[in-house]
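Okay, here we've got a single chain as structure tokens, the form predicted on its own, with questions on binding and movement later.
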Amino acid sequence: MVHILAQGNSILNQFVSELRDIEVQKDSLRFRRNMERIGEIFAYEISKHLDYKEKKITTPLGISKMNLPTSKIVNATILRAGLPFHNGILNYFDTSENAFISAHRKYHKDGSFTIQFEHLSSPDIDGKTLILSDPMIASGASMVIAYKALLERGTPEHTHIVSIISSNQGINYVKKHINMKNVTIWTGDLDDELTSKSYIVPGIGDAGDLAFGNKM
């Protein structure tokens, strides 16, 4: 149900370590590229769980039988931080349809915040494989809101929820607030602590600001 890729040794650990590193973070181009490369790794791992069918491929010298993926994919992300991560997944699933969810944290005077859903741009997802990505699952509220908004476009055959860094609290919130039937959660690494403002510790900081600059 939940795959944590950092529990095994792979090049993913190098990319995640650079996302976390306060010095490497100063290079926003490298930060975006690392998110993109991590998206490609997740796409490869998810590809092992798709539907396949044998197809005959004509080569210059004969016929080769290959098992090729047949799943119809909708690649979705939450703006704005998710864009480089989404693009990495799209690099591998280049024929997929795409969906974008606009949501943000609205802070209140007492320091608390609510997740404000604004807009959804999505194709029909009924019977398709949905890949919903966000670099961070902190409190989990944004992911739940995005997933429920996408269900207005149909019922996917299977959903892969993907993040680079997650908190234990966020993963548990997602599992509690959505129907986990036909849902798989993927994360690069899992952190234990969440601050009062729902930032993951040690985490990486604000992925959107690190990728695209500070917002007002």
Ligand code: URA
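The first residue of the sequence shown is number 1, and the count goes up from there. From a predicted model like this one, the values you see are computed outputs, not experimental measurements.
What follows is about the form predicted together with this ligand, which we do not show.
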- Query: Based on heavy atom distances of at most 4.5 Å to this ligand in the predicted bound form, which listed stretch, 116-124, 72-80, 92-100, 136-144, is the contact stretch?
  - Reply: 136-144
- 4.5 Å heavy atom contact, residue 198 to this ligand in the predicted bound form: yes
- Task: For the stretch 187-209, return the residues whose heavy atoms include at least one within 4.5 Å of this ligand in the predicted bound form, in the order they occur.
- Result: 198, 199, 200, 205, 206, 207, 208
